[in-house]
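A lone chain, given as structure tokens: the form predicted alone.
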């Protein structure tokens, strides 16, 4: 069996799922070199060499790659920060080791302004109405407030406020969700405007799907749709998070979409990719997951809410355990430029995140939801792992923002652990995921209980039926 060395740049549970997929390779003896944000207990156990780089500094990542370059075949990057800062450019230039992620200039999520302008050029029909506000164009708050309020008049207050730079899914503010007065909206606007450009765009009514695709530079290979849950609490209440969970159905489309709407997604993604790639002299600049699109389905077409240049967290976790392909071989085909298809098991998948009491300060809004006294107490994952005896490969437990400390496992500040359930139906997968979350104790961890619930899915189906009737 051929030996393969892989460096994984890791942030959380998304990368633990990648490590798991690599470690399960039936065709290769995989040696994993992991540059991690923390001493993730899952990764530490599986790494040939493990290094902690808390800020995921690309110079330090590159030094780790250089020190092991004779044993590395390629690098896989999950988190956005090193991608945006140019980790691929740096590692490939200094070491010659191929890296799977877009080059820095094509990490489009670095700027929401550039995303909107690029989409306006490539597929304007998928853009909402938007206006860009640049601090350098205004002398004072009064002038920018006047322009903001005039734009809100045009939008009839139905607005979404977005900072230009990434805010880990937490910088966006939506009318009626995060603010109900112009004063509240403007306060949110100014809190971001003092740091750089802000977009105010039209709020679009619809149902959201997450679209991801692997890319070898020449081919875009779509993956099944997933549905992400951004809001912190059950019932889609509370502020935005990095994502509290996600689900996929047993086939490629979500239950609230028609086959025709899925085909529209594929056509739009293909159009964006082909026109974007045609502007680039070297197509491999887009290698990796250059399109991780948040689509909004309106019943009369698709709007692109945003695009990211990396695998989704949590959305890719719903996909990786279902690969029929050896993930190592898939990555080699991506590097060789001959990745034209990806085969997956026909199964539904539901991912639920457990998070610590201090996550984002969100628990402050619901003080009775969690036990803050349990912060920084050890977390016991053993009972969740033991469920594999009952469910086999239908349950996966992926530590994220957790670290090994003096032989114990502790939750840190972000999403601590993802529990993935797999089943013939969404509900079967959901129940396995929830059973796994209940088996985890310690750390005061909490989770949403309605990820992929029948009620939530029924609401989405009903909403889409209503939107279609409005045509």
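Residue numbers count along the first chain shown, from 1. Note that the structure is a prediction, hence the values are computed from the model and not measured.
There is another form of the same protein, the form predicted together with adenosine monophosphate (AMP); it is not shown, and what comes next is about it.
Contact annotation: adenosine monophosphate (AMP) lies within 4.5 Å of heavy atoms from the stretch 197-205 in the predicted bound form, the single such stretch among 197-205, 397-405, 274-282, 81-89. Using a 4.5 angstroms threshold between heavy atoms, residue 174 counts as touching adenosine monophosphate (AMP) in the predicted bound form.
The shortest heavy atom separation between residue 160 and adenosine monophosphate (AMP) in the predicted bound form is within 4.5 Å. Among heavy atoms of residue 262, none comes within 4.5 Å of adenosine monophosphate (AMP) in the predicted bound form.
Adenosine monophosphate (AMP) in the predicted bound form is approached by residue 230, whose closest heavy atom lies within 4.5 angstroms of it. The three residues 112, 240 and 306 all sit with a heavy atom within 4.5 Å of adenosine monophosphate (AMP) in the predicted bound form. None of 213, 185, 296, 342 but one reaches within 4.5 angstroms of adenosine monophosphate (AMP) in the predicted bound form through a heavy atom, and that residue is 296.
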